[in-house]
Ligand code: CIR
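The chain that follows stands alone, in the form predicted on its own, written as structure tokens.
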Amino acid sequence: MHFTRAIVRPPAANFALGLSGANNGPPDIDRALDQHGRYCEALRDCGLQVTHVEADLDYPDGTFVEDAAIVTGRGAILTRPGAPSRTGEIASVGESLSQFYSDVQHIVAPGTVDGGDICQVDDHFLIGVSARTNQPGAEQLAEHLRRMNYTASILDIRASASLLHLKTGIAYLGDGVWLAAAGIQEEFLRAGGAGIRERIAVSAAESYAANCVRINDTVLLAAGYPQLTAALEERGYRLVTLQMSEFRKMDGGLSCLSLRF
């Protein structure tokens, strides 16, 4: 898929009040804003037009805008986040999406879906059932996607303690190439109907970097992970590395910070 647009939301001044199980201390808001700004620059350098949603003190997790919607080349679906404190994030994201999509679908109760649990694999979607995305939400999303002429499969990842979301541990780079953190086997991906030409293993020490993003001809990768950086460079990928320390403290990764379409 060729991307031309992205939606982002900068971290609010009370970002440190968001949800986190990382135990790495509170984020520095000035540093987080700088890192977010550099992330947006990287999106623009990839050729994307970036739309900013205003930060909202009512929703300190709101910078993780990917959780609020599923955006595709054929339509958009607003989610219903699994953490009740995040439900109100959806309205403003929906307003931004309405500029680009004439018909936006919704996940409704009792379903919950976080966008971080959704991985697009060409015209197929993997949907992870997790602590944040439940079975009714996954089934609703799969049906919305099928109406858009996509296929979808549902994977239960709740037994994988290291995965907050499905994309915590995997990334699809296109052309059948996957990144997968330690402990995620090919059988796990194949169970979801994913085509696998190559699986690039990410060591346990560098597992955070498994959450990366391919945008057109560039892969955005968290800085500070030399083994994975070298592996991707050896395969000819154009890399842009970005500091993500403050977002990691709040359980966030590179994919979490934008909606790309």
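Residue numbers here begin at 1 and follow the sequence given. Note that the coordinates shown come from a computational prediction; the quantities given were computed from them, not determined experimentally.
Form predicted together with the ligand: not shown, discussed below.
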Check your understanding: the ligand isn't shown here, but in the predicted complex, which of 212-220, 41-49, 27-35, 64-72 has heavy atoms within 4.5 Å of it?
Key -> 64-72
Practice item. Evaluate M244 for contact with the ligand in the predicted complex, applying a 4.5 angstroms cut-off between non-hydrogen atoms, and reply yes or no. Key: no
Review point. With a 4.5 Å heavy atom cut-off, would you call G137 a contact of the ligand in the predicted complex?
Key: no
Point to revise | Contact test in the predicted complex: L164 vs the ligand, heavy atoms, 4.5 Å | key: yes
Point to revise | Interface membership of C256, the ligand in the predicted complex, 4.5 Å heavy atom rule | key: yes
Check your understanding: In sequence order, which positions of 127-158 have a non-hydrogen atom within 4.5 Å of the ligand in the predicted complex?
Key -> R132
